[in-house]
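So this first bit is one chain, no partners, the form predicted on its own, shown in structure tokens.
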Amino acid sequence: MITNKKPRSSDTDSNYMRDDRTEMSEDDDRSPPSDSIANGSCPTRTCTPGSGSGSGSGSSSIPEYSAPYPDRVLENVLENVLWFLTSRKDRNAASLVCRSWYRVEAMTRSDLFIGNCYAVSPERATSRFTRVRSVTLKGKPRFADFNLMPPNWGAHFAPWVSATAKAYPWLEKIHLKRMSVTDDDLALLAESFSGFKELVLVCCDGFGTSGLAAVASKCRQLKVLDLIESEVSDDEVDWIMCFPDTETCLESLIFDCVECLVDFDALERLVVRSPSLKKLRLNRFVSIGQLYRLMVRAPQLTHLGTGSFSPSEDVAQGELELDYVSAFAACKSLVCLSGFREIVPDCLPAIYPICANLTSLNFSYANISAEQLKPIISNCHKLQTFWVLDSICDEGLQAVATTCKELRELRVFPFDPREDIEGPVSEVGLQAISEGCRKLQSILYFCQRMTNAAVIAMSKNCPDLVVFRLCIMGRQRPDHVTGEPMDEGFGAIVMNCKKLTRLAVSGLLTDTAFAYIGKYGKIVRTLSVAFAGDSDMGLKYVLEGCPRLQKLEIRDSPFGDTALLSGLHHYYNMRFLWMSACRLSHQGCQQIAQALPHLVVEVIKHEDTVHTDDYADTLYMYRSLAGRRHDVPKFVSIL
């Protein structure tokens, strides 16, 4: 189970809200994902002269901008000012000032972010933004991670890579999330962008090792190749061997999700040829002995994914005798540690020397106990991000609370996601974290039982919370001490946490909880609801009370047509609405489509459900400038 590259369970009947282990933000306004390399974090190496700096001639150079307006001075000043705007929100606001600002903003935008690949056509995007160097695309909605969306729904990268290949031959970066990518797409990418430097694929599928081989062999200036929670097929092509034999520009190589062997000797040679490599995350086929060899070769690493963190099956005596402690101690720049896919707890003492420097630690695949965690966490005074399995129990969380006073993000995943078990973490662990980690800004917490008192305590102790996701596994579970609904706990979160933008609710909730969200959640942008609510009034409170709501995802809740129609005033301002296994009629969905003709209303049928004429299986609704998409599968009806 620990070796599964997807989070704990893919069972569509599971009622908890599993979270993918990704770091590309769903909500914030930062252009790069949090795991990408920050400018200035390490020396920049120039591998080839004229590697896409924007100067010079040739088909891969960005065309110079010439203001076609009478007052050239004002236009030039405006252009120089807009170059300093990096926030998408600020740039979008600037583009709405007037027609001139709209045009100049488009000409100066180098980073293109598309939150929904169907929201605009590739042709429209590339014709407006003509000097783009970096493209970020998101495809399927997040609930696709829970097998709530049938395979082959769409979100194809093909039209986008084709359009960008023609419009941006100088393109340097592509970040994709939940997109369907083929080997042909990757081959076209590798052939089209001569100065290409960065490819990040998060939760993507459809491609294999042959596509990776094309990127490795042809993108000679590649700095970043990050494969995160993506499904990669084994084409029996060893893509690691396809990197150039000369010194590379690689700064980040992440392939911990790739479920096939790589040629380790080729990997070791690649690491040696990559002196700028700072981030390396290995898959489960790399043993701890092989990890040792790589660490000796690359002591400059700042981010390390350990692979299996266990000896190989045919372990040699020499592998058992290696000095792993010294190897870790030599990596003095290491601040981020993850991996541990098939961990042998006896190997854990090897990481003790680096604990004091760690700011990020990911144990979300490591089935370890509280006793095994304590000697590690007791030295992690600088830790800001911590992901872990609930196998550490409340006792382990209490140890975290005692030491990690700088903690900003905590995610606690379930080792066993079944509903009918006691569960090793509870309100005790949550309360300890709230009392000990008062700088906490983001929490994802899976548990089997919870109390309002513990959630209220967190709202008071951690007022800087931006993200609060409490996933009580088991349908409609109340406060396990009082037997009351969890309304007051979630109400306290939206009342006391003034910076909250993302909220996931679960447990026994009545319409009162949603009334609290509508009244106090004025800056909430993303709301996830599972197995909750009494009536249509609950959703109505949210849609009428949360003016900044962008993403609303609901499953297995008693909301129907009346609730759906109450949001007519707001849907054009939202990125999407997802409702599955609710009480929406086909007629209600049709009413929305007729009332809002510029909204795309998709009704999705599922093969594993009993179809009736009463309710729609899934409603997925999103705003789009492109209108109805052209790659609609048979199980999707666009109204």
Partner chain sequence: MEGGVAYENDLNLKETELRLGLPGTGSTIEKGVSGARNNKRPLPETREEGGANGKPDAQHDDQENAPAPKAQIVGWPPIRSYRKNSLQPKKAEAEAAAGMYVKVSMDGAPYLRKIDLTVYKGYPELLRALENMFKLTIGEYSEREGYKGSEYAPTYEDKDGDWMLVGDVPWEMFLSSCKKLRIIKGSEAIGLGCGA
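These numbers come from a predicted model, not from an experiment. Residue numbers count along the first chain shown, from 1.
Below, we turn to the form predicted in complex with the partner chain, even though it does not appear here.
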Within a 4.5 Å heavy atom cut-off, is residue 483 in contact with the partner chain in the predicted bound form?
yes
Decide whether residue 581 counts as a contact residue for the partner chain in the predicted bound form under a heavy atom distance cut-off of 4.5 Å.
yes
Indicate whether the partner chain has at least one heavy atom within 4.5 Å of a heavy atom of residue 392 in the predicted bound form.
no
Partner contact for residue 90 in the predicted bound form: the partner chain, 4.5 angstroms, heavy atom
no
From the candidate stretches 215 to 223, 532 to 540, 192 to 200, 115 to 123, select the single one in contact with the partner chain in the predicted bound form, where contact means a heavy atom within 4.5 Å.
532 to 540
Within 4.5 Å of the partner chain in the predicted bound form, do we find a heavy atom from each of 323, 328 and 338?
no
Could you work out which of 105, 75, 256, 185 is the residue within 4.5 angstroms of the partner chain in the predicted bound form, going by heavy atoms?
256
I need to confirm a contact call. Of 432, 148, 350, 301, which residue comes within 4.5 Å of the partner chain in the predicted bound form, counting heavy atoms only?
148
Select from 390 to 418 the residues with a non-hydrogen atom within 4.5 Å of the partner chain in the predicted bound form and write them out in sequence order.
413, 414, 415, 416, 417, 418
